[in-house]
Structure formats: structure tokens, C-alpha cells
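Alright, here's a single protein chain in two forms, structure 1 and structure 2, each given by itself as C-alpha cells.
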Structure 1
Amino acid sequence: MKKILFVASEGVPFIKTGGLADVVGSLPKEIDKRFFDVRVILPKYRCMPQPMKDELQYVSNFYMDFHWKNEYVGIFQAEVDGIKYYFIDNEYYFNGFKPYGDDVIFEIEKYAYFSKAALSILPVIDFRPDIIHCHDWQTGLVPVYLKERFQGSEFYRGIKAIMTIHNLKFQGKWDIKSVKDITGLPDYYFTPDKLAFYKDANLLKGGIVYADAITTVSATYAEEIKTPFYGEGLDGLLRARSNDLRGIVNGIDYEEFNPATDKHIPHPYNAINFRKEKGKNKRDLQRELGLKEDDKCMMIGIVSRLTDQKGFDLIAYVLDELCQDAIQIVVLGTGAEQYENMFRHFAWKYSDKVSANIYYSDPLSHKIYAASDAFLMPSLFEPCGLSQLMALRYGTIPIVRQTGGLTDTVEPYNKFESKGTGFGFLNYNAHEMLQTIREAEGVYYDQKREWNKMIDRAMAVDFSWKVSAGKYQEMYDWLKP
């Protein structure tokens, strides 16, 4: 039995700000329990939903040397769907109203603490993993600490580390002097072949340098990040480590996202009866959101973190034009104020056409996947993207910019061969996007049979974790034969 430990800053059902949490929440369940014992370590955030906090049981506590202090480390545990979770408790670091704050140096200190604590609790919980699987910059110091601090002791010697990049944009960078002070790592680590990055120290870079294997969440993104445009300054390092870098596309939880059994949607449907049932969800949602009730009107859904990564600049640029068409747009999500206000503005200006829901709600997200005809994702970059997978599962046709995981999961419509599961455009250009949306409108309004056949194909593709979980298992076996 191989022991695998996930270390991450968020995970469903305990805490979520984005796709990382979905992956951390769903992948461990899909790894074959006959051969692998997968456990997960998360921070015990005060902002976790109360029902989840009520699930946690106290295990133990101790004090750990950190940042010139003797810092408290509490351990809690919980079990969900057969997976054991451990939580690091520290009120100084994890008491924010949101998991992540804006004070960069505090974030770095918080996750440096978390990374060191995650390693330190292992003897206490009596779990010696063969492999520690780290996710994103917040856990970048785990491989670093593991290879240096901890390898000296019998318990930790030989543990391997994997670094999975969900988003290269966020790296955890701050001036070398402060990071040295916080982490307690000696000068040796702060050279350009290790943590130093121009004038700063870079935690994700540390993870990439010291991990035994590196993965990212789609094959295309794994190639893209070796180029300057997508590489965020780390393309050189990623090229140098390309033998140890692989892209494994994410899946989604096919139980949770299933239009036939979804508790959140008023009219469940499947690949056979969607022609009759799917539209009923649209009518209900139009009524709920105060849009014009018209089940013929093409509804375009957007469920997203509202950040520049997701291509909202393109939408801002042509939304007035788009609103001249016979379409409706339903948005759900929060993020950068400029995009929140942009959607609020358009919802005010075109109140029967645009619905801006500037918050996050699981039930509403499911209703949008079920009700919409198309799903818009014009990302500037996209490591994998999960919403297009949810859209496909609900027979909602993705309109995407062909980048990263969107390239790997959405096959653009080919009218000559009647192939494809969505619509795609290549260049980050607002009018190219608009033209592609209009191409979709054309098929939706004038070639209903073609549109429905596209739904058939979309609902038939399989992005459950089955295949990808197998690839992670292969990698675990390769690292620890």
C-alpha cells in the first residue's frame, strides 16, 4: 500500500475559492484505494462553513520553531467519503474572513508556516507518506523543507515530493531578506538556481526546483508554460525540468455534476430527454433572475472567478454589441471590482437580457449549467478550466478561447464534418470572440438539429476522473517503484 499525502491551501467540501479546491476535493477519492492510502492536509480556516467546522475532531498540539518564535500547531481531523483530512490549527494565521488576504508578506509567512507545520505533524499523526503531493505556490516550500530540514531524520528520509501547478500566475514572491527571515532557510537557498527570482525569493520556484516530479493540469498548458508568454518568468526553469514535467488534465466529480440526479436543478434530464427537459430549467431560471421569459432565446452562462485571467476584458469590449443580438447572459461569481461593476452596469442597462449575480452559490451555479444553451470562457490563459467540463456534462455548449486546458477539452465545431463539442477562437481578440459567439448563435437559431447533435456529442465525452486518476497513479508508481 503506497501512502500519498496531499498538501493544499483549499479543498472541497471544507473551503473553496476556485478550481484548486474542486481538484483537491475530488481527486483523492478517485485514486484506487486497494493500492493507495491518500490523505489530505489543509489549514483550519476560521472562515470555513460552520457545518464543516463541526465535523472536525481535535487530535493534538505542539509548538514548532518558526520565524524566531515558538508557534502553536494544533491538529484536527475529519473523514469525508473515506478520505482522511488533517487540519493545521493556528489562530494567528488562519483567522481571516477569507482564506487569502491582500497582504503579500503575511500570505507568504502564513503558507511558510503551513508548509513547515504540514511536515512537522506527520510523526504525530503517525503517517509517513511515500509521496507528498503539493499544490500551487502556497505549498512550494514543502519540497524545499523536506529535502533540507527534514531529510536529516530517519522518519522523513526518502519521501518524494510532487509539485502540481494549477496556476503559474501566482508564485508567492517577496524580497529575499524577508523570506530568509521568515523561512529560516540559509543563504544557500537564495541563489538564482534555487529560490531567488530576479530580486525576490519565489516559493513556487522553490517547489519546482526541489520536487521530484512536476505536473500541471493539462497537456497543452504543460507545453505553454515552457514559453515566455505563459511562463510567467519561470519558462526557463520549466524547460530545464521538462523531463520531469507532465500535463494531466483535470476531471470533475461525475456524481456531483450529473444533470440526471442534480438536486439543485428543478428539471433533471439526461442525454436522451434533454430536448424536452433542459429548456424547462431555462424558463425557471429566467423567472428566478427576472430575465425575459422566453425559452427560445439563447442563454449564455458565465460562472467564474472574475479575474483578468478569464478574459473579461474581451467581454467588456463588445458586450454592448453583443446585447443587440437575441441572447441572454447570466453571470455568477466574484472577484476584481472592475469586472463586478462592469457586469452590474450591463445588468442595469439591459435588465431583461443580462443578469449579474455578484456572489458565489453552488446551487445557482448548477442551475446556470443546466439552464444555459452556451457557456462562455474566453480565457487569456487557462491551466485546465473546470467549468467547461461541467458545461459539457450538462449539454451546455462551451464557447472558449483555445488556450491551455480549453484546447484539450473542447473540440471546436466543424460544420463540414458535423464534429465538435463547442466553439473556439484562437486569438485574444474581442471581435474574434464576438464572431465566434455569433457563429454559435447561427447554429442555435438556424440549425437546431446540428445544435442538438452537438449537445449529444458534448454529453457523451467523458471527463470524469477515471483516466486522469490512472495517470496520477502511474506517476506515483514511477516515483516509488
Structure 2
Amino acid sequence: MKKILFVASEGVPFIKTGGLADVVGSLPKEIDKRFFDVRVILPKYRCMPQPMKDELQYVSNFYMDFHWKNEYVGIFQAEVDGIKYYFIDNEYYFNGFKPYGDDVIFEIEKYAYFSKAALSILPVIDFRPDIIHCHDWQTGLVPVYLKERFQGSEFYRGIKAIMTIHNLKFQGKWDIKSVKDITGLPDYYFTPDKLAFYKDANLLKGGIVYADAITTVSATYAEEIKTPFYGEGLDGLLRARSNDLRGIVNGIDYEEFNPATDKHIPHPYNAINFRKEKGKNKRDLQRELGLKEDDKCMMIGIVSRLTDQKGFDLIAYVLDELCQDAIQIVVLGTGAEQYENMFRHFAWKYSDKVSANIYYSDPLSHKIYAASDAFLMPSLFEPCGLSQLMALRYGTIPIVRQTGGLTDTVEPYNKFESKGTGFGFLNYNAHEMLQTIREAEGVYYDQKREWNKMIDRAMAVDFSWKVSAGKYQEMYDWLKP
């Protein structure tokens, strides 16, 4: 039985700000319990929902040498879906109203503390993992501390570390002097081949240098990040470690995202009856959002953070033009003020065509996936992306820019061979996007049989966690023969 420990800054159902939490919450459940004992360590945030806090049981506490003082480390535990979770308690670090704050140096100190504490609690909870699987920059110091501080003890010797990059843009960077002071790491670690990054120290870089294997969340993104455009300054290091780098596409929870059993949608449907039932959801949503009620009008859904990364500058450029077409656009999400206001403006200007929902609502997101005919995702870069997987599951045809995980999960429509599960465009260009949307409109309006066959194919692909879990298991076996 191999023992695997996940260390992460968030995880469903305890705390979530993004896709990382879905991975940490879903992947351990799907890994084969006959061969692997998988456990998870998270911070005990004050802002966790109360019902989840009520699940936690106190285990123990001790004091740990950190940042020139003795720092309290409390340990709590809980079990959900057969997975054991441990929580690190420290009111000074985890007391915010949100998991992450804006004070970068405090965030670095907080997750340096968390990384060291995660390693320090292992003998106390009597769990010696074969592999520690670290996620994103917040746990970048785990492989570093493991090699620097803990390898000397018999208990830790031989433990391997994996670093998973969910989004390379966020790296945990600050000046070397401060990071050296916080972490207690000697000068030896702050050279250009280790944690030093131009004039700063970089926590994610430390994790990549000291991990035994590196993964990211799609095969295309694993290739892209070895290039200067996507590499965020770390492309040279990732090229140097390319033999240890692999891409494994994330999955989605096929129980939670299932149009046949989804409690949030008024008219459940499946791959057999979608022709009759899916459209009823559109009618209901049109009524709910005050759009013109029209069964035949093509509805395009957008559920996203409204940021540059997600391609909203392209949408801004052609939205007026797009609104001349026979379409409706339903947007859900928050983000940059300019994009929030842009959608509000267009919802005012084209009130029967555009619905701007500038907030976040889980039930409404499910309704949009079920009601829309197409789903627009023109990202500048996309490590994996989960929205297009949900769209495919609901038979809502993705229109994507072919980058990162979008390339790996959406097969562009080929009219000559009647293949494909969506529409794709290559260049980051607003009119190329508009042309692709109009190609989709053409198939939707003029070739209904082709459109429905595309829905059949979209609903038949499998991006459940089971597939991804199998690939992670292969990697665990490869790392620990």
C-alpha cells in the first residue's frame, strides 16, 4: 500500500476559490483505495463554512521553530467520502475573512509556515507518506524544506515530492532578504539555480527545482510552459526538467455535473432525450432572466472570471457586431470592473439579447450550462479549464481558443468528416473569434442534424476524474517502484 499525502491551500468541500480546490477535493476520492492510502493537509481557515468547521476534531498541538520564534501548530482532522483530512490551526496566519489576502509578504510568510508545519505534523499524526503531492506556489517550500531540514531524520528519509502547477502565473515572489529571514533557509538556497529569480526569491521555482516529478493540468500546457510566451520566466527551468514534467488533464465530478440528475435545472435530460428536453431549460432561463422567449434563438453561455486571461478583451472588441446576429448571450461572473461594466452596458443596450449577471451563483451556473446551445471560452492561456468540460457534459457546444487544456479537451468541428465536439480558433484575434462563432451559428441554424450529432459526441466523451486518477496512479508507481 503506497501512502500519498496531498498538501494544498484549498480543497472542496472545506474551502474553495478556484479550480485547485476541485482537484484537491475530487482526485483523492478516485484514486484506487486497494493500492493507495491518500490523505490531505489543508490550512484551518477561519472563513471556512460553519458546517464544515463543525466536522473538525481536535488532534493535538505543539510549538515549531519558525521565523525566529516558537509558533503554535494545532492539528485537527475530519473524514469526508472516506478520505482523511488534516488541518493546520494557527489563528495569526489563517484568521482572514478570505483564504488569500493582498499583502504579498504576509501571504509568503503564511504559506512558508504552512509548508513547514505540514511536514512537522507527520510524526504526530503517525503518517509517513511515500510521496508528498504539492499544489501551486503556496506549497512550493515543501520539497525545499524536505531536502534541507527534514531529510536528516530517519522518519523523512526517502520521501519523494511531486509539484503540480495549476497556474504558472502565480509564483510567490518577494525579495531574497525577506524570504531568507522568514524561511530560515541558508544562503546556499538563494542562487540562480535554486530559489533566486532575477532579484527575488520565488517559492514555486523552489518547488520545481527540488521536486522529484512535476505535473501540470494538461499535456498542451506542459509543452506551452517551456516557451517564453507561456513560461512566465520559468521556461528555461521547465525545459531543463522536461524529462520529469508531464501533463494530466483535470476531470470534473460526474455526479455533481450530470444533466440527468442535476437538482439545479428544471428539466433534467440525458444523451438520449436531449433533443426534446434540453430546449425547455432554455425557455425557463429566458423567462427568468427577462430575455426574449424564443426556442429557436441560439443562446451562448459564458461562466467565468471576467479577466484579461479569459479573453474578454476580444469579446469587448466585437460584442456590438455580434449582437447584430440572431443570438442571445448570458454571462455569469465577476472580475475586472471594465468587463463588468461592459456587460452591464450591453445588457442595457440589447436588453432582449444580453443578460449580465455580475455575481456568482452555483445554481445559476448549472442552469446556464444546461440552457445554452454554445459556450464561449476565448482564453489567452488556459492551463486546463473546467468550464468547457462541464459544457461538454451538458451537451453545450464549446467555442474555444485552441490553447492549453482547451486544445486537449475540445476537438474542433470538421464538416468534411462530420467529427468534432466544438469549435476552435488558433490566433488570439477578435475577428477570428467572431468568424468561429458565426461558423457555429451556421451549423446551428442551417444544419441541425450535424449540430445534434455534435451534441451526441460531446456528451459521449469522458472527462470524469476516473480517467485522470488512473494517470496519477501511473505516476505514483513510476516515482516509487
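These figures come from a predicted structure and were not determined experimentally. Residue indices: 1-based, along structure 1. Throughout, rigid core stands for the largest set of C-alpha atoms superposing within 1.5 Å between the two forms.
Only structure 1 comes from the form predicted together with ligand GLC. Phe170 is not among the residues whose C-alpha shifts by 2 Å or more between structure 1 and structure 2 once the rigid core is aligned; its shift stays under 2 Å. The Cα position of Arg246 differs by less than 2 Å between structure 1 and structure 2 after fitting on the rigid core. Once both forms are overlaid on the rigid core, the distance between the two CA positions of Trp348 between structure 1 and structure 2 is 2 angstroms or more.
Core-based superposition between structure 1 and structure 2 puts the Cα shift at Gln338 at 3.2 Å.
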